[in-house]
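This text opens with one protein chain seen in two forms, each one given by itself as structure tokens under the names structure 1 and structure 2.
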Structure 1
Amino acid sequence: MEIREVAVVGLGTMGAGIAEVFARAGIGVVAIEVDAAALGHGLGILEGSLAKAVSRGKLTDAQQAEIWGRIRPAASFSDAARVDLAIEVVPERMEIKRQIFGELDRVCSPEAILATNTSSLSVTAIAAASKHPGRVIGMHFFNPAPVMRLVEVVSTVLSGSALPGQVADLARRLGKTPVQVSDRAGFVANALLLPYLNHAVKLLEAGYASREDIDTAATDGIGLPMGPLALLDLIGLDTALSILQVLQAEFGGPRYTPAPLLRRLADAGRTGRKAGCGLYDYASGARDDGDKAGNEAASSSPSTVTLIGSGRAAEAEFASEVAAAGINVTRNPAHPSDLIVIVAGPDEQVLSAAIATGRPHEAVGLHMAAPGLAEVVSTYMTDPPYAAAAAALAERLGKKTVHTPDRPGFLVGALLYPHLGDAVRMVQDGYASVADVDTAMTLGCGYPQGPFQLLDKAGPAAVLDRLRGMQAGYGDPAFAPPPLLAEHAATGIGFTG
């Protein structure tokens, strides 16, 4: 069946993005919003996105007009009578979805495909409410829909046998990569993404690190396109909360228990970018990043530094960078200096080395988490001005910095290693294959490398050690390394090879 016209029901951020994707692929779109204000708002999102593409030279004026001409706004379901596919993109409440599928059943032709973009509800339960459950399928796009290449095609036990293939073909026509997934909580990408995002909010709430540092650790330490807190604001805190609740009901355990802060912000209507505020404020049109830059600038780089380390290459390299910047280096803590820097490895703790210097209040750890990112590690004895001086030193050497407590994994590891452990657990428990997980995260969430590629780069044995360290340090079962990781570590065989 050729898809010539579709209906998109619900024109919020995702609905407007999905309507744009169809229209750009040459498919007519009936854009249905029963509420006039919401329809106007959704069309505004679409218009703005097309105008941005024109201003960036990605679309000509003529192409923009053609795409815009394919979109037919509608306030009533009866306008969907002749469409070949209808997709609902409305809030994640089963009663609303059921009502919409009831309307679509009534007006659409019996051959039309009925799709849901739900990210948290059971597609099977939605299908069961339709008079024709065989034609109901999940077609799950990722935000921003015009950019992210993944579409999860979610079939149910009730789906007609040709349906998943038809919808996958359609996704390809839209320029997307379809991945067939079964109707399980979170499908593939969200089941892995959401516990990681939730953990980031827990770190923020516990005062482990600042909002900006958590996000910088993910972008500059792991190489992800966005930090977890900025991403939560993009997804919507209400949507994230719904997905976590479904994951928790299905799997249980602390990784899925929504962070109280996430729940409170969602309850307060601070749902992210769409509300103008979430974990960040967007009131001025741009993201408010606090006064981090001002704080760091206030501290000046030291002129004499005592360098302590365990003689690894990272330490020698750092020592030569410090010397090349014209800063005096001493190795003896008994000699006077402005600051003691302990160059820490990823598994080391800083406190005992700090105490051994006899000047623990002046001692700060620096861990080079990535070529351009230094983690500034404060022990509970570090005086804050020394941490600021260590950050100023690293910045003088051209590195970005994040502040972290002296805890297992520091900040980058605290975000990354449990996420990799979750990925292994998904494969171990037969939830998804290694390839599905890597495809979902690269195409759905813009990871430059999939979790298993990242894991193999670090080495299964190193990831196992870090998780064991975190589990021992916190006593939290959420960090328990999955047995499959231990097996790969023991054999030295990677996951992707």
Structure 2
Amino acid sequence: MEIREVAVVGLGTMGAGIAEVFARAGIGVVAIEVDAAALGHGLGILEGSLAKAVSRGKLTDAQQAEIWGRIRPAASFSDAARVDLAIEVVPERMEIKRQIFGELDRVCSPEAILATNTSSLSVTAIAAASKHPGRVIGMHFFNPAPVMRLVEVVSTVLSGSALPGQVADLARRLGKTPVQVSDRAGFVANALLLPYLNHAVKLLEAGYASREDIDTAATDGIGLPMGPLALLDLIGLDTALSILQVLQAEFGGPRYTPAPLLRRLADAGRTGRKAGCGLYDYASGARDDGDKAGNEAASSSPSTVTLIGSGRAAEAEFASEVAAAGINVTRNPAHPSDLIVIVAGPDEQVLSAAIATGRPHEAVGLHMAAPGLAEVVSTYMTDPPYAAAAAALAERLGKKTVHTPDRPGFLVGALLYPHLGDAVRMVQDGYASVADVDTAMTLGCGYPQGPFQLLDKAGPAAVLDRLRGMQAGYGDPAFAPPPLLAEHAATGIGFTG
């Protein structure tokens, strides 16, 4: 069917953005709100967005006027009687959404498509309450809707067979990239993103690493656009908690069980940027990143370093960098030196090598997690001044540093590999394709590379070994590698090739 006019119910930030997307695509929009004040506020959001686009040269004044001409404000559901599609963008509460769908059932044509923008609730449960469940579908936009290209098209067991394809075609008409999935909590993006964010909070709560190091490990070690803790503050800790509760209710298991710290902060009103504080403080208008930089600046890099390694190419390269920086290098742990550095591989334990030196309190591991990032690995025997000296050494060589305990995966791996395991499990369960998972995470969450692109870059066999090491080291079933990963590792075949 041809979509000529749509109704958008709810003109908060998200609803106003969705209305703008439809109007920009040449589709008439009936903008519905509960009362005149709410309607005026929503239209003000839309006006501000269009004015900004004009000021940046993205729209001309004439184009702005054309878009405004396609928007018809309304305070009554009866104005939606002739629309071809209606989409609700109201708060994530099932009783509100069912009430909205009841009103749409009453006024809309039986042929009209009814869509929900829910990010966490069951589309099936919403559809089941409709008089015409076969025409109900999820159409999940991402914020900000005018900018983000992904739309998750969510079908249910009640959806008409042609409906998902029709809505996917509509998303393409809007300039979006659709990903078609069946109704499962979190769909694709949130079902993968939230367990990863939750795990980061658990690492912080357990004292595994500082908040700044956790975020730096994600941005500089994995290459993600934002660290998980900063992203949680942006999303809202209360919003993240509610989504995790939905995921946990459907899937169970420790990956979806909200971290106690997340729950406590949300209960205390520290919900993130919108509250001025969350995992970070924003009271001054800028994020408080603590005094990590000042503490490490107080440590000077050593003049003589004992390097210990297993003869890998990375060790030789690091030794050359140290020598080029004018620092004396020795390979003999009995030789007097300021610091013993164990150049560690991603699958190696630092403690055994530290003990073998005879000077374990002075020994620190360094793992080159990425070209510009070094993980400073402390064992339980490492004296803190030596860890600080190792960080100063790495920074003298032009590398950022994060501190991590001597545990499987160190810090970057502790964040990344369980996340990749979740992605494989999603494909293994037949819920989404490899291409759809990578599309959802790149377009919906801003990843520069999708999870399967990251996995193939590391190699299925390496990811399998590291997940097995984490499962053995932590005894946590959440780190158990999926059978599909083991199959790819056995054959040597990647996921994206």
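Definition used throughout: the rigid core is the maximal C-alpha set that superposes within 1.5 Å between two forms. Every residue number counts along structure 1's sequence, beginning with 1. Quick caveat: nothing in here was measured; it's all calculated off a predicted structure.
Two forms of the same chain are shown on their own. Structure 2 is the form predicted alone. The rigid parts of the chain swing between structure 1 and structure 2, and the hinge residue from 391, 441, 420, 186 is 186. Annotation: rigid-body hinge motion between structure 1 and structure 2, rotation of the minor part against the major part equal to 17 degrees. Core-aligned Cα shift between structure 1 and structure 2 at residue 97: this is 4.0 Å. Lined up on the core, residue 47 has its CA atom moved by 8.3 Å between structure 1 and structure 2.
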